[in-house]
Every structure is written in structure tokens, then in C-alpha cells.
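Both blocks below hold the same protein chain, though in two forms, and each is given as C-alpha cells: structure 1 and structure 2.
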Structure 1
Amino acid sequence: MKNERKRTYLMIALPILALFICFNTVPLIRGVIYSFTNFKGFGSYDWVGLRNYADLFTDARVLKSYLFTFKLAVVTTIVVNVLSLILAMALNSEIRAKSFFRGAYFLPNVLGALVVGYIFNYFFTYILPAFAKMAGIGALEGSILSKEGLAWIGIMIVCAWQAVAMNTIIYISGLQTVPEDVYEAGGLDGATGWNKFRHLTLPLIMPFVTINLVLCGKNFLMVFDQIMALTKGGPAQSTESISYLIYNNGMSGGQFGFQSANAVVFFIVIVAISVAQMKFTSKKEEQL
């Protein structure tokens, strides 16, 4: 009976494992191999060794995309987590129609990123300038997506608007694990307001903060759909993220081998940042 059960589990797992290897592991290995070539995405290619990796650190466009991506990821991660925590605390309190508001705030997460991006593209291009013109705000009379200094803010707003939903749900789950006895004991010691949050709530939900920070950091470093829908890397390549650069120049720019090397380096960077985040927040959990 036990052997039959093991055989059944194995039969269920093997097809999934085969699909994972076929559509994830094999392309990953092929991408690493192509990173050592001058492959253009078609035709023959030659081995170039580590030349692609060396050229990455001298390519101004690549370095600019890294700077933009890190700036966007850091700012958006902070904005999303602050807003999500505030919303979670509000939705976890004793308010009327709590379930309705939770569902309403989660709606943006259900919508596709491209759909949301195209909607906001219309908003930033036509609706916001029209309101700005009526209000006499000259700086916003044109589309912010067409301005090098403001386009990234539009992308940040769209990314944050969609990401807040899931982070809020995670924070609500964390807040619901905090025992009421803790707040009662804190109230007896005079803990109220900010002190109550800082010394009681935050230490107890720190594991959930860690999860949200890591997920946000990873997702915003890999931002692609919003840029595709809003700016396509413009204006003047000022909003070109690493993922978009890899896709655009690798698929249609004849730099498949070079951008494969970029993708390998980017993968290592994301893993390193995620591990560093986990270690840092783990130390914070111990301190709190």
C-alpha cells in the first residue's frame, strides 16, 4: 500500500518536473551558453569567451538601465510597504464593511499589468493634463510620460498602485497573528499610538515585513510590463529597465549573446540582493 502511494506521488511529480526542466532549466542553460557567444538570435555564431561580460561594465546604456532600475525598485518598495502597512492597519481595525474594502483594494492585483499600464497611459496622456490645464498647473499640462525627469514617477505610481493590494493582504495576515493579550499588557504599561506600533506591533509582524520587502524588491527590479505599456523605455531611454533592455536589444536588436550575459549578471544581482535583504531583516527581527 505504501509503495503504491509512493508510486502515485512519483507519477504526479515526474510530468511537472519534466515540464519545469523543459521550459525553465534548459532555456536557462542555453542562455548561459549563448552569453559566451556573439549570437544575434539567428544564424551562426562564434565563441567570444568573457568578452560580453567585460563589455557590460563599459556599456553606458547598460549602466544607465541598472541605475534607473535600482532607483525605481528602492523608491517603489518603500512607498508600497508604507502604504500597505497603513492600509492593513486600517482594514484590520473595527470598521464597517471591512470585507468589502478588502475586496476593493485587492482588485488592482487581479488586473493584468499590461491592461493597467495602458489605462494609466491614457490617464497620464489625456486626463491628467486636462485637469492640470483647468487647475492652472503648468508643470502637468503635458504628459509626464514624455518628460525625462518625471516619466519614472508615472511608472512608480502604476507599479505601486498594483502592488499595494497583495502586500496589504500579507500585512493583514500578520496583524491577525498578534494576540490581543499583547496589546492589553502594553496598554497597562502605557503604550499608545506610535510607541504601541513600534514596540509591540512591528516586532511581532517583522517576518511579514521581511516577506514583503523581498518580494517587492525582486518584482520591481524585474519591472517590464509597466514600462512596455507606458513608455517603452523612453523618453531618450530614461526609463529603460534592465528587463526591458534585455528583451528589446536581445530579441530585436541583434544582441542576443550580449544580452544573455546581461541576463546572467542580472540574475546573480537579484539573488544577491534577496539574500542580503533576508539576512538584514533577520538581524532586525532578532534585535526587535
Structure 2
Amino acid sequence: MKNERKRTYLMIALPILALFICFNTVPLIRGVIYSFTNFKGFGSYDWVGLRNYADLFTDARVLKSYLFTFKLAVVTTIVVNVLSLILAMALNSEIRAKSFFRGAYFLPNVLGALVVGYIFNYFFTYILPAFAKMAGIGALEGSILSKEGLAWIGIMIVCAWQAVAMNTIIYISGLQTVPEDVYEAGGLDGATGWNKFRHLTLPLIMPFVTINLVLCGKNFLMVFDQIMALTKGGPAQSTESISYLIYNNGMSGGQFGFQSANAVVFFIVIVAISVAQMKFTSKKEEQL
């Protein structure tokens, strides 16, 4: 009887595990192996040891892509979380047509990032400059996507437009876990406005802040579709995200081996950040 159960478990788990290893572990290992070669994506190749890794740290384009990706991820994560927390509190307050508003504000999240990017591309190229002209803001009269210093802001706006929807829904479910009598007790102690938020609401929804920070940070570090639709890495490679650079130069630029090394470093960075983020925020939760 017990053997039958064990055998069934094994017969289920082994094929699924094999599938997982075949398309996740094996390519991961192959990626690491390629990173020690000068493979172009086709033809023969030689072992080059750690040279790809050494080159990686002196390659200006790679460093630039890391700086850009982290700047985008950090700023967008902050912007998205502030906006969605405010929006969640508004949607959770005493309003009419609550489910209509919640549904409408979530809409951007179900749309494909690529097409959303194309639509905003047009908006930044034609609509925004025309508005800027009318308002007399000279700095915005050209497309922000074609300005080296401003293009990343366009990408941030598009990323945020979709991500706010997701985070708001999570914050709403967080706010709903706060029992009403906590506020009533706090009200007796004179907690209102900012104090009420800072000392009552925020500590109680800290687990949801953690979820949202992890979710946002990870998604934005891997940003790809928005870059593809808005700037294709330009102008002057100022908006090349790490994923985009690996795709562009690795798949078609003849840098298969070199970009594999880049991908391995990126992988290690993602793991390190995820672990650190979880440790840091869970510590904060305990303190409260």
C-alpha cells in the first residue's frame, strides 16, 4: 500500500523533473560553458578561459547598460510604489462604484507591454512635443525619446503605467487586512493623517511592501519589451538594458560567448539582490 503510493509519486515527479532539467538546468549549464569560449553563435570556437569576464568589466557598453538598468529599476520601483500606495488608499476609502474604479485602474496591466510601448512611442514623439509647444516649454519640444538625457524617463513612464496597476491591487488586499478597530484605537490616541499612515498603516502592510518591492525590482531589472518598442537602446546606446544588450549582441551580433558571460554575471546579480532584498525586508518586518 505504502509502496504503491511511493511508486506513484516517483512516476509523477521524475518525468516532470526531467523536463525541467532539460529546458532550465541544461541550458543554464550550457550558458556557463559558452561563457568560457569565443563562440560567435555559429561555426567553431576556442576556449578562452576567463577572458570574457575580464573584458566584461572594462567594456564601456556593458557598464553603461548596467548603470542604465539599475537607474531605471530603482527609480521606477520607487515611483511605482509611492503612486500605487496612494492609489490603493484612495480606492480603499469610502467611494462609490468601487469595483468599477478598481477594474478600470487595473486595465493597463492586462495589455501587452510591446503594443503599449508603441502607443506611448507615438505619444512621446508627436503628442507631447505639441503640448509642450502650446505650453511654451522649450525643453520638451522635441521627442524625449530622442534625447540622451531624457529617453530613460519615457521608458520609466511606460513601465510605471503598467506596473502601478499590479501593485495597487496588491496594496488594496494589504489594506484590507488592517482591522478597522486598529484605526479606531489609533483615532482615540489622536493618530490622524500622516501619523496614522506612518505608525499604523505602513507597519501593518509591510509584508505587502516587501512583495511589491521584490516584484517590481526583479521585473524592471529584466526590462526588454519596453526598450524594444520605445528606443531600441538608443539614442547613443543610452537606454540599452542588460537583457536587450544580451539579446541584441548575443543573438545577432556575433558575441554569443561574450554575452553569455554577461548573462552569467547578470544571473548572479539577480540572485544576490533577491536574497539581500528578502533578508533586509524580513528583518524590518520583525522589528515592527
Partner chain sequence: MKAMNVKATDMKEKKTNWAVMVLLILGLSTIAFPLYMTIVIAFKKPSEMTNSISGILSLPKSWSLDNFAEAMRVTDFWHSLSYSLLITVITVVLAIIIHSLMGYVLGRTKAKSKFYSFVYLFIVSGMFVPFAILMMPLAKQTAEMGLANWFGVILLYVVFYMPMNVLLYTGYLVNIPVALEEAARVDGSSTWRTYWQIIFPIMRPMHATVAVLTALAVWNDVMTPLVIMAGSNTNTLPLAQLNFQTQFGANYNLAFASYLLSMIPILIFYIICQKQILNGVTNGAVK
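The term rigid core refers to the maximal set of C-alpha atoms that superpose within 1.5 Å between the two forms. Fair warning: this is a prediction, and the values are worked out from it, not measured in the lab. Just so we're on the same page, residue numbers count up from 1 along structure 1's sequence.
The form predicted in complex with its partner chain appears here as structure 2.
Shown in the overlay between structure 1 and structure 2, fitted on the rigid core, is a CA shift at V269 smaller than 2 Å. In this core superposition, F23 moves its Cα by 2.7 Å between structure 1 and structure 2.
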